[in-house]
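Single chain ahead, by itself, as structure tokens, in the form predicted alone.
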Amino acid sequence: MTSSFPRVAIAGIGVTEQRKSLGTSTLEACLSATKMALADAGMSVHDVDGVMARWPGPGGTVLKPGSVDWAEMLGIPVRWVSDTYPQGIPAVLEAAAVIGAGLCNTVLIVGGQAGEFSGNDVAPYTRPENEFVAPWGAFTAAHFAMIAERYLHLYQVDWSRFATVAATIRNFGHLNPDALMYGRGPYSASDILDSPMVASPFRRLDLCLANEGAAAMIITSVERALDSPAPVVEVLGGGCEWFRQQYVGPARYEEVGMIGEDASRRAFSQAGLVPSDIDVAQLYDVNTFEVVRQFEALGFCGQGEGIDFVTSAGLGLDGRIPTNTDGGLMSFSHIGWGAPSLRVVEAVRQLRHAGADRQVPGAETAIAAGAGAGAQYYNVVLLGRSRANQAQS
């Protein structure tokens, strides 16, 4: 693997318990994830000099995200903060850039949610007071459903074929003791198709979870990461695309159906890889259709060919491209602002060869992605098990 990207690694990961209700605050959950990630990296909070983390309160700024408030909370001076998109893949890529530029040495990325839900209400972030949402009663699943229905019409695809995708990912969660849906399966395609309709073509089991928890990552140089106890996982390349602000204007397939194509092309070029080099995928499975669409945008197959590709390749451990091996957003967890980081965390676990019963044998490269067509932006990162591990041993 030859990469033109800065020599940066994900040295530490931390994920709290994932539950429907944690009985704690977002701040407490994020602090717990931070402590876990620092311990995983073999570092203390005093090694951190950069922060990307939405401030949940109490106290601090009323202007979100407010990453700098974490400096006081953690009791450290920092050399760099960013509130641009302080979570998930965009945060990893920005941290890599600033570390490579020498602006700081080690970055904490943390986010999550707790105490967000009441009764059976939908998650509040699925119905923001935006102009395309508030007047019409739209919500996240409906935005993505518009894209999916247009795709099905254009390419004359039988929706029932998508059910195996959802069943495969949910069965990873069924077998993962840390997943919210552990032990709830196994699922068959018929189970997916028999679940209640929510927003055509999506049924309940086509859609992701909404629950509580937090996730954190520690980003630093490869050289510094070699002092950490876990195998080094390098950031090889990445990219982002932003078509328009999410959930303000309606999503049209003709505009965003292939969003991610440019970002992934740049990411693969930076990393010196092609899609067939990827051993494991951690995609943003906000719904079943979006998983299939991403394989097209990421260059694994042609436009309109996604369901044929995933059917022939296979997404399980015995398939060509095991996908969302922790159970994904559908079955492992979706923790709001922290959810994008979960895809990266599972990719790191796989490349450390620490995936337990869901480990992809010999995984050396991984792709992780966030957002999607309905959100009208996309981000992708390529990760690799560093050759520095062999040199160190």
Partner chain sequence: MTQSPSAAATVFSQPFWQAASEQRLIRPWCAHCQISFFPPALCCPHCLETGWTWIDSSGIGSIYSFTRVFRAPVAGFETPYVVAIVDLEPGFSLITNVLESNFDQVRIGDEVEVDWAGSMRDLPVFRRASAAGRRTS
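Residue numbers count along the first chain shown, from 1. These numbers were taken from a predicted model, which means no experiment stands behind them.
We do not show the form predicted together with its partner chain, though everything after this point is about it.
Practice item. Find the only residue in Leu273, Ile99, Ala199, Val280 having a heavy atom within 4.5 Å of its partner chain in the predicted bound form. Key: So the residue touching its partner chain in the predicted bound form, by this definition, is Ala199.
Review point. Exactly one of Leu317, Leu175, Val81, Val133 has a non-hydrogen atom within 4.5 Å of its partner chain in the predicted bound form; which residue is it?
Key: If I apply the 4.5 Å criterion carefully, the residue I get is Val133.
Practice item. May I ask you to check whether Gly302 falls inside a 4.5 Å heavy atom distance of its partner chain in the predicted bound form? Key: So Gly302 does not count as contacting its partner chain.
Review point. In the predicted bound form, does His143 have a heavy atom within 4.5 Å of its partner chain?
Key: Contact with its partner chain, yes.
Point to revise | its partner chain contact at Ala138 in the predicted bound form, heavy atom, 4.5 Å | key: Within the cut-off, so yes.
Review point. Might Glu129 be said to contact its partner chain in the predicted bound form, defining contact as any heavy atom within 4.5 Å?
Key: Judged by the heavy-atom cut-off of 4.5 Å, Glu129 is in contact with its partner chain in the predicted bound form.
Point to revise | Segment that reaches its partner chain in the predicted bound form - one of 280-288, 177-185, 191-199, 304-312, heavy atoms within 4.5 Å | key: This holds for exactly one stretch, 191-199.
Review point. Using a 4.5 Å cut-off on heavy atoms, which residues of 226-250 contact its partner chain in the predicted bound form?
Key: Read in sequence order, the residues that approach its partner chain (within 4.5 Å, in the predicted bound form) are Val248, Gly249, Pro250.
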